[in-house]
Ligand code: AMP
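The chain below stands alone, shown as structure tokens; this is the form predicted alone.
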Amino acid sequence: MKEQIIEKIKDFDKIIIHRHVRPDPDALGSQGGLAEILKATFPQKSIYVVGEEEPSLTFMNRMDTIEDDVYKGALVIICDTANEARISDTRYTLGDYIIKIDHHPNEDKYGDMIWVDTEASSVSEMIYEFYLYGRDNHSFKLTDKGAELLYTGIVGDTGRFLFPNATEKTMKFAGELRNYDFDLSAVYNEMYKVSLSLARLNGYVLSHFQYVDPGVGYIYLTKEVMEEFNTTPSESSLLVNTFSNVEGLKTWVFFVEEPDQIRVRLRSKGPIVNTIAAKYNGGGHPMASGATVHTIKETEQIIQDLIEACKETN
């Protein structure tokens, strides 16, 4: 598959790289890391990264602004996006050829070529593996900035290597990326700094989350609460793991109210949650998924689904 992707890259003079909406470090890390590799290896090609900006992550990479006609005759590569509906910037369909690179279960098989590795900790890990193959077989190059982006993406999706998806290969790749010249302390400081308002909302979450047997935690953040603490839905969603270490907790859910929908963030220490997310316009990993609903009744049903999932794992 890596060889096929490289041959397709060689066929195009323009390459436009997308990722999912509301990007996290892995989305931006894999997107930007791949762009850095291709720019260094193929300086004669035009390489672009597109999508909406996430203010809390602009320290990683900034997006390009391009016109629609740039897509004519272009190769489109989409990183870290399981579902076609979640691709940031719908113009991806204007390209001549689409490659999907992802580590989520491949339930939405969009694209002309698909490379999915559900064993990978992150798509950033996959891009580094892709680079190693390209280096050994096609003289690929990786810049210090590219290494920083891939390392940051891996850190983000492994929770600083604390999650079970951090395998021996993950640690090996991270160690190799650390040999490049970038400021690790600055990366961590930027990734994990929080505003005063978000820190205070964190305290609210700890005081108001609900726990129900046999191991389900949940909280509903209304627009009024977020306005009180002066935080956005995207910022508030970052607190999804605030009460994850509570004794007895097996799975938990954050409901974050937005103007036209309710964002659902599901996490687990055992029960499978991506099948639940799939019932509510979502998907993701077995232990970390997202969904979208529009009514309180649906949020109540999700809580009940989680309760049943916990019972089944007892």
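From a predicted model like this one, the values you see are computed outputs, not experimental measurements. From 1 onward, residues are counted along the sequence shown.
The discussion below concerns the form predicted in complex with the named molecule, not included here.
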Open item on the list: Whether Lys145 contacts the named molecule in the model of the complex should be assessed with a 4.5 Å heavy atom distance threshold; does it?
Closed with: no
Open item on the list: Is Asn281 near the named molecule? Define near as a heavy atom within 4.5 Å, in the model of the complex.
Closed with: yes
Task: Interface membership of His104, the named molecule in the model of the complex, 4.5 Å heavy atom rule - done: yes
- [ ] Indicate whether the named molecule has at least one heavy atom within 4.5 Å of a heavy atom of Arg86 in the model of the complex.
- [x] yes
- [ ] Just one of 242 to 250, 40 to 48, 54 to 62, 284 to 292 has residues with a heavy atom within 4.5 Å of the named molecule in the model of the complex, so point it out.
- [x] 284 to 292
TODO: Let me know which residues along 241 to 269 have a heavy atom within 4.5 Å of the named molecule in the model of the complex, or say none if there are none.
DONE: Arg263, Arg265, Arg267
